[in-house]
Structure formats: structure tokens, C-alpha cells
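Below you'll find only one chain, the form predicted on its own, shown as C-alpha cells.
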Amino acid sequence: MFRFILRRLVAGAVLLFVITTVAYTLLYAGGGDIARRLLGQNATQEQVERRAADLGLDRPLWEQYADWLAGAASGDLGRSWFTGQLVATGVTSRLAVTLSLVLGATLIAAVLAVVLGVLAAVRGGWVDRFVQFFSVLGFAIPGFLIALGLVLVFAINLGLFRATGYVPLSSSVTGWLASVTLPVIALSISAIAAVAQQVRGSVLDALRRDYVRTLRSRGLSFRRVVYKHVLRNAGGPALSVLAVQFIGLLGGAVIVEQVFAIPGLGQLAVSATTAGDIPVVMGVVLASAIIVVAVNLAIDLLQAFLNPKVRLS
């Protein structure tokens, strides 16, 4: 098991290096005259050159990246070119907001998708047709339309939740719930649809296996076979789809945060990209990549726990 975890950690570190290298190269190579853009068109050439030297932009790109990489390894991501704030501080404060949305949506998706998927596979009939109809609907409707519909009905017409803004959990539990409920629902719909379909298919496939007939012939109840054996075997593929959905939810959070005016990582990425604040963009890229690697590692460990054969593959 130790070697299994070590291999996954090394693969994750390589993935982080590749992602940050590609992102850094694209951002700086395609950034044009960054110093000129920061100072404006009225700045003199001397001011532009001095600003470029202050930022270290007059050095070779590989040297700038090596410095950034060494700083990132020690937790120093530099400062924002516009606000002067430490990038690590800005990213960390926004990260908690985005994670509260994405983790909430993932948890809801995991619970509801397993319930719906198992019911569809075991009950069949109208329950199966309802789940499949819901899945198609969840895929077909874009997340931002769901978000706008939720705001119109539950925030504006009924006044049950906040239409915009975010209340930290440390300030008020009820305020936090009121501010994240609608964004979490908007994010989770497509994930529920995708994972429920995967759970349904995996459970149906497992129910046709010989070991299920063997267990039933030994007198085990259908419910015990499903919940103790079938779900364990069907859990691996469902976890893989859930991991993919989690990564998709990180991207979807960018749009949902814009709709609900939530100061999360997505909103920070949009404002920093629009302004050309490359250190902040790199901080967001690194934070997102670390989350993706950590989630994949957690899913690999769960799959190895459910199916020991995974450790040998």
C-alpha cells in the first residue's frame, strides 16, 4: 500500500509540474509587453523598462519560472501586480468560499446519485424512467440557466434565500446556509445526473454477475446482497465519475460565482485574467491543480480500499 501511495504522489507531483510549466509559459509568452500594459500607453519607454526590471521581466523566461517555482515550493507566490496583496493570502481566502460550494455540491451529488441510481436499478419501472428522464434533463439544461431560475423563484419571488453575496460560516451559520444553498443546488444538478446514471449501470451490471446468484442461492436476502456486495463492486466506477464531476464543478463554480456575486476563486480568476494580473492567475492555477491532484489521490485510495486489485494494476 505504501508503494501504491508513493507512486500516486510522484505522479501527482509530475502533473503539478507540467500544469504550472505550461500555464506559466502560455501566460508570459502570450502576455505581450506586460510592463507597458501595467503602466498604460502614456508611460515613457524608460518607465516601462524600469517597471519590467522591477518585476524581473527582463530576465529569461526559464529563470523567472525557476524563481516562481522555488517560491511556490516554500508557499511564496509573490504579490499581485495591481493590489500589492500577497497572492497566497488572496487565493487562500477565496479558496475556502469555492470549496464550500464545490464540496457541498459533491456531497449532495454523491448521496442523491447513489440513492437514485440504486432505486432505478433495483426497482425498475417508473422509478427507472424518472431517473433517466431527470438525468437527460440535468445534462441538457446549462448550469447558469438553473442558477438564474433558482434566483428568480426562490430568492426574488419567494424570498427564501439570498440572491447574491456570501456570508462566512464564522459570521452566521444561518446566513451562510442562505447564501450557499442556491449555488450548491445549481452546481449539483448535472453531477447528480451523471453519477446516478453511472451507479444505475454499475448496479445493473453487478446484479447480472454469477456471484450474486450464488449469494442468493445461499439464502442471503436481496437487500443484503445489494448493500453489502453489489454496491461495493459498483462503487469503483461511480467514484471515478464523481471525481470527474468534482473537477467539472470547479470549472462550473466560475459561472455560478458570477451569477450569485460570490467572492470565490472563480471570480478572482476572472478579474485577474481580465486585468492581466499574471501572478494571481498562476496562484489560482496552482491551487486548482493541487485540488485536482488531491481529489484524484483520495479517489485512488478509496478504489484501492474497495478493490485490492487496483493496488496491483
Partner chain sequence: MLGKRSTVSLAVAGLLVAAGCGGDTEASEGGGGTLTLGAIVAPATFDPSGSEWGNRAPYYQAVFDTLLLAGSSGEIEPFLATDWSYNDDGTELTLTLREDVEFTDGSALTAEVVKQNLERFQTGDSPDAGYLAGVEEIEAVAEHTVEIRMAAPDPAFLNYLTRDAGLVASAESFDSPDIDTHPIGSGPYLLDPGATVTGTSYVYTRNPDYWNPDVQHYDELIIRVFEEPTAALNALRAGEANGVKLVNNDNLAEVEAAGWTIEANELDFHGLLLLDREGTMNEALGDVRVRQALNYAFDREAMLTALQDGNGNITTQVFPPASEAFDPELDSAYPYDPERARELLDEAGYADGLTLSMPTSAVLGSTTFTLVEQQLTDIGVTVEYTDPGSDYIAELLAPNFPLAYMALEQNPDWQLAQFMIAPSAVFNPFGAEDPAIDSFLERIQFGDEQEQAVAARELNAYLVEQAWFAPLYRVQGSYAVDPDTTVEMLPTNAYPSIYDIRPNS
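Just so we're on the same page, rigid core means the largest C-alpha set that superposes within 1.5 Å between forms. Residue numbers count along the first chain shown, from 1. Because the structure is predicted, anything quoted here is derived from the model rather than measured.
Quick note: we don't show the form predicted together with the partner chain, though the next part is all about it.
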item	value
Answer range among 282 to 290, 36 to 44, 57 to 65, 243 to 251 for contact with the partner chain, defined in the predicted bound form as heavy atoms within 4.5 Å	36 to 44
Partner contact for Arg94 in the predicted bound form: the partner chain, 4.5 angstroms, heavy atom	yes
Partner proximity in the predicted bound form: Ala261 to the partner chain, non-hydrogen atom cutoff 4.5 Å	yes
Thr181, heavy atom within 4.5 angstroms of the partner chain in the predicted bound form	yes
The partner chain contact in the predicted bound form: Gly124, any heavy atom under 4.5 Å	no
Contacting member of Ala140, Leu145, Leu103, Leu152, with respect to the partner chain in the predicted bound form [4.5 Å, heavy atom]	Leu152
Whether Arg51, Gly159 and Val167 all lie within 4.5 angstroms of the partner chain in the predicted bound form by heavy atom	yes
Partner contacts for 69 to 92, taking the partner chain in the predicted bound form and a 4.5 Å heavy atom cut-off	Phe82, Thr83, Gly84, Gln85
Core fit, then Gly40 C-alpha moves 2 Å or more between the shown form and the other one	yes
Post core alignment: Val254 C-alpha displaced by 2 Å or more between the shown form and the other one	no
Threshold 2 Å Cα movement between the shown form and the other one at Ala52, rigid core reference	yes
